[in-house]
Every structure is written in C-alpha cells, then in structure tokens.
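This document starts with one chain, in the form predicted alone, laid out as structure tokens.
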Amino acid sequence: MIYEQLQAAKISSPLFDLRHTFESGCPLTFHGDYDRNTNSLIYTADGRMVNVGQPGEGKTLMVVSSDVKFATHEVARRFRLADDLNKIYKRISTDDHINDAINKYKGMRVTLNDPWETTLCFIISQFNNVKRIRLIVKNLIDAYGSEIPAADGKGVLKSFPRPENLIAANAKDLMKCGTGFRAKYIQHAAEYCTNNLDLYKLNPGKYEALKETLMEINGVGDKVADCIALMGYGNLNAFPIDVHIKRSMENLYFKGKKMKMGKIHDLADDRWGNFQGYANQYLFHKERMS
C-alpha cells in the first residue's frame, strides 16, 4: 500500500476557539478525536483525514492532511470561518445572560457539517448524553465505516458511514453498537435517505420547508430537525429546543414558568432574528457546562 505524504498549511483564525467549538455538542463532538494537550483535532471528511490544530495564542490554525488543499477548504467551511463573529455578537448581545456566555466561550462557532452525518448524530442524541452518544457513533463508524489509510502509514481510520452502508444492517446488529430503541430510527433514516429523500438537494435557505421535509424521517422531531437545519445546512434561523434550552429559556426569559415550544421559538425569533442559531449554541453550551 502506498501512503501519500502529509502536507501542512496555515489558516488565519483571529476569532475562533477550537476547544470550545469541539466541546459544544456539534456532530464533531460525537466522532472527532480531540487532544486537549495539543489543542488539535483529527476527523475524517469525504474519505480523507483532516488534522487541525490551534497552537499558541490561537490566531492561526495548522492544517495537516495528505490533501492539504481539500483540508484547508474543509476546515474553513466546517468551522464557518467566514462568519463575522463580531457582527453576530453585536446582534445577539441582548442581555447579560448571552453576554456572559459569549465572554466565557468567545470564539465558539456553529459548525457546518455533512447533512447525513448531522442527521444520524442527532437521531442518536435523543434521550442521551455526550459520552454515550460518542460511544454509539464511534461503534457505528467502526462497524460500518470504510477504511481510510493513515497518510503516515501508521494504521487506518474509518470514515463516517453513509446511509447505504447502514441500509442492510438489522436492528440486532445496530443494537450491538449500543443504539437501543434508536435502532429502528436509524434503519428508517438509512432507507429513507437512500431511496426517498436526497438530503443534498434540499434548499438550506428555506427554513420552514427544510424543517418540514426533515421531519418526514422517523425519529426526527422538532428539536432534531432544528439541529439538522442549523448544523447540517447552516440555517441560522433554527433554534433547537432540548431539555437544557427549554429549562434555561423558561428560567431566564419567562420567570420560571413552563412554556410551550412555540412560545420559546417566537421569543428567540423576536430577540435574535436571523442569528438565533448562534444565540442557541451559546445558551446551550453555557447551560450544559454549568
């Protein structure tokens, strides 16, 4: 087997924090391999390895791959480095709660991920915690991912499994990966996204239509559809509401009163508008970490 030589490149990143972004509950949280000591992350994308690190003061990212042109484009896209965070902060800084989250996790970005990868990860996330989600996703990658030779010749990585890789898996095999009751939803998602729905032809900008279509997949409800719209399609109008966000929003903005999700969505839309997806991520991360 012939291994390609590793290449390296630098990307300017004056307002980006790799650790906060990785730990924020995005799809990469569930399958990337992050090293806190070196502040670096290894993951696979489109059948290739990407290694990104943020040394020193963090104003520059180091990207290493056998295809560094692809990897630099992938990192810039995945971490939305073109987003003007100062503009976004100005728009969503409506109160002390958001300001505190921004100060604690400055540089954290909403990631833009593969739509299928995002769909599978957030189907698995239901009634689950990060440690358990990560174990299940890793097991599925080990069982159904394709091998990717490490560019340095020191082993192999596994790609994120495609829906066609999972379509033949039976519930028993999936449950061996720890999926539990989610096995039936994974089976349906794999079949539906192979034979009925092309996730890559959906319009990312049409929020309501996008969310409605995603909810045709069994196991994709309001919250999961918003997660996919936000992190799989980059629609910042999405405001995922899980138990953390619901509790936080009720305590912070409704004086502790229990509210229906529609009312919470309305408040988020009025307060943070087209950048409410960023407000959501900062509130979610602050709530989860505290």
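Position 1 is the first residue in the sequence shown; the rest follow in order. Since the model is a prediction, treat every value here as computed from it, not as a measurement.
From this point on, the text means the form predicted in complex with the DNA, which you will not see here.
- Listed residues 132, 104, 138, 97 were compared with the DNA in the model of the complex; 132 is the one with a heavy atom within 4.5 Å.
- The partner is absent here, but in the model of the complex a heavy atom of 217, alone among 217, 88, 112, 108, sits within 4.5 Å of the DNA.
- Contact here is defined as any heavy atom lying within 4.5 Å of the DNA in the model of the complex, and by that definition each of 128, 180 and 242 is a contact residue.
- Heavy atoms within 4.5 Å of the DNA in the model of the complex belong, among the stretches 39-47, 57-65, 250-258, 219-227, to residues of 219-227.
- Not displayed here, the DNA is kept clear of residue 79 by more than 4.5 Å at the level of heavy atoms in the model of the complex.
- Remark: residue 277 does not count among the residues lining the DNA in the model of the complex, judged by a heavy atom distance of 4.5 Å or less.
- Taking the partner from the other structure, the DNA in the model of the complex has a heavy atom within 4.5 Å of a heavy atom of residue 30.
- Taking the partner from elsewhere, residue 122 is found to have a heavy atom lying within 4.5 Å of the DNA in the model of the complex.
- Scanning 20-55 for heavy atoms within 4.5 Å of the DNA in the model of the complex gives 24, 25, 26, 30 in sequence order.
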